[in-house]
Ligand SMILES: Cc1cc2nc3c(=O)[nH]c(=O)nc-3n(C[C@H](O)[C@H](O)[C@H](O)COP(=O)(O)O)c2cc1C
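So this first bit is one chain, no partners, the form predicted on its own, shown in structure tokens.
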């Protein structure tokens, strides 16, 4: 199964990036780092069509499983991920065929945060968006980080192994 992990975080070497890199290694997945793209905010007049969003979506459509990687920031996805999700509206208006091409693709979330569990309000936008595009949402795989940095330790390795196994069994 061709898999991509879309990473959206402000810390290049932070916990979410480490999680994405480790999972990509296990799943032989490609990584797309949203910080490498120029994405404009959603615009009702669609004056932003010359940024990287549509080119990025063309890339993403080549994959069967799309995994979003975001830290939990104030109970929500990262700002970079929010801009990406807001721009999905373009796939309902100016690029409807691209939006329809998401149907039946699998998606999931990997996330990190300071709490013991991810809040439901963090997961809802991912799950509801998947439903709206008729995608198959496999869930959120959360790793609580109680220290500043994730060390490669038994708990983290178990999280990655369990996440990879769960993703593949769900498909």
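A quick note: this is a predicted structure, and the numbers were derived from the prediction, not measured. Numbering follows the first chain given and starts at 1.
A second form of this protein, the form predicted together with the named molecule, is not displayed here; the remarks below concern that form.
If you check in the model of the complex, do 34, 52 and 84 all have a non-hydrogen atom within 4.5 Å of the named molecule? No, because 34, 52 and 84 lack any heavy atom that approaches the named molecule to within 4.5 Å in the model of the complex.
Does the named molecule get within 4.5 angstroms of any non-hydrogen atom of residue 128 in the model of the complex? So residue 128 does not count as contacting the named molecule.
So in the model of the complex, does residue 72 come within 4.5 Å of the named molecule, heavy atom to heavy atom? Judged by the heavy-atom cut-off of 4.5 Å, residue 72 is in contact with the named molecule in the model of the complex.
State yes or no: in the model of the complex, is some non-hydrogen atom of residue 9 no more than 4.5 angstroms from a non-hydrogen atom of the named molecule? Result yes; residue 9 sits at the interface with the named molecule in the model of the complex.
If you check in the model of the complex, is residue 142 within 4.5 Å of the named molecule, heavy atoms only? The answer is yes: residue 142 has a heavy atom within 4.5 Å of the named molecule.
Report the residue, out of 134, 120, 58, 115, that has at least one non-hydrogen atom within 4.5 angstroms of the named molecule in the model of the complex. Contact check passes for 115.
Can you tell me which of 107-115, 23-31, 58-66, 37-45 lies within 4.5 Å of the named molecule in the model of the complex, counting heavy atoms only? Answer to the contact question: 107-115.
Between 1-36 and the named molecule in the model of the complex, list the residues on our side with a heavy atom within 4.5 Å. 9, 11, 14, 15, 16, in sequence order.
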